[in-house]
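This text opens with one protein chain seen in two forms, each one given by itself as structure tokens under the names structure 1 and structure 2.
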Structure 1
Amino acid sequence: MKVAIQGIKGSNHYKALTELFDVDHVEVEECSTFQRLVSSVVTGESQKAIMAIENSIAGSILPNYRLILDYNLQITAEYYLNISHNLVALPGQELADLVQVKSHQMALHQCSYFFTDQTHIHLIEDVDTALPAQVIAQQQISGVGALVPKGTAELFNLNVIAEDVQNNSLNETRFVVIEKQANLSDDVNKATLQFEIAHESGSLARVLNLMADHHLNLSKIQSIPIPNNIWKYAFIVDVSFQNELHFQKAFKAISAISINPTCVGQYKNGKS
């Protein structure tokens, strides 16, 4: 089986893959963008893809919802990964030897407290987190550090200078597994829905009232742009339920009073 991830081996997507699948029996497709990740599933090159959909601090990655919808893909599972940023560099290098740390803006921001006192280190924004680590290892670059998940240092033969340098230890990313087709199991208790509503006062409230009537618990709602319909929004909603029949009835009722209703996936709640 081939599974697509965003980024390279050593990224947080790869970390999520190693926790969801047996890496010895999975071929990994490294995709440099989320667009390429989705294309890999659409073309059949990969059977599944792992995609970050929200972070507990930064919130939802709305363009990724758009990609799932545009290509009619299904969310078949979710996984919550604890985000740990670890400062790595070439073996032999210590904190005092570093003059630069290269990482994604978000990772640098999430580790700002650690670097406040390290005035000798210049923080450099990069488009990726794991990639700078790979470059440091391949080109044997001294004086430069990178921020990577736990386990990545071993992958690149780099040295961990400081563990868990993130400001906030409560930092998780929610990943979803996406596939071409739904993949329903018996223990489904969560769903992601998309719908549009008529542009009249109270129409969103009516849909949410229906959900409550059918014992669906709304955990999250996002407005996302409708393509080619400027400044009009569709709604993406996560609901949880105890009985899948409740969900089926609710979805039927919601479909009757909304526009373009879509079930984007039914899956098991991944929170432990």
Structure 2
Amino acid sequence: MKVAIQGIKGSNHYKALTELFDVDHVEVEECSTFQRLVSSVVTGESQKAIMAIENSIAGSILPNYRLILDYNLQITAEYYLNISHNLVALPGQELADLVQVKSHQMALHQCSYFFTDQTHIHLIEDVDTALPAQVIAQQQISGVGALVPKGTAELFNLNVIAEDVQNNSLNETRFVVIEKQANLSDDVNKATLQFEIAHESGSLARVLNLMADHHLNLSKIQSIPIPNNIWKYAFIVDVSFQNELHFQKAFKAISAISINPTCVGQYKNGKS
């Protein structure tokens, strides 16, 4: 089975993959962008893909929700990964030697406090957390560091200059597995829905009340712009349930009072 990730081995996406799958029986498709990742699934090049969808500090990654919706993909699993970052560089390098630190923009954002007093260091965004480390190692670049997940330094024989430099140790990223079609298992107890509502008083409240009436626990609600319909928004919600029959009845009821309702996926709650 081939599974696509954004980034390369050593990235947080790869770390999530190792927690979800037996890497000895999975071929990894390394994708430079999320668009490329989605295309790999849509064309059948990969059977599954792992995609970051939200972070406990930075919030939802709306462009990734948009990709899932636009290509009619299904969320079939989720995984919560604790995020910790180490500052790494070539062996023999120290913090004072660095003039640049590279990483994904999210990692730079999540480690910003550490660099407040390091005015000699210029932070540079890259496409991935692991790629700058790979380049530093391959080209033996001095004066440049990288922010990487724990364990990545060892992959590229780099030195850890500082451990756990993230702003907040209570930092998780939620990853989802996406596929073209869902194969529901017996233990599904969570779902992601997308719907639009009429622009009138009480319309959203009616939908939320229906969820409560059908014993659904709303764990997330997120508005997302509707393409080609300026200043109009759809809603994405995550709901958990004890009984799938309750969910099916709720979705039927919600569909009757909403616009373009879609079940984006049913899967097992990653927190249960």
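Just so it is clear, the model here is predicted, and its values are computed rather than measured. Numbering runs along the sequence of structure 1, starting at 1. Rigid core (definition): largest C-alpha set, two forms, superposition within 1.5 Å.
- Structure 2, not structure 1, is the form predicted alone.
- When the larger part is held fixed by a C-alpha superposition, the smaller rigid part turns by 14° between the two structures.
- Relative to the superposed rigid core, Leu98 shifts its CA by 3.0 Å between the two structures.
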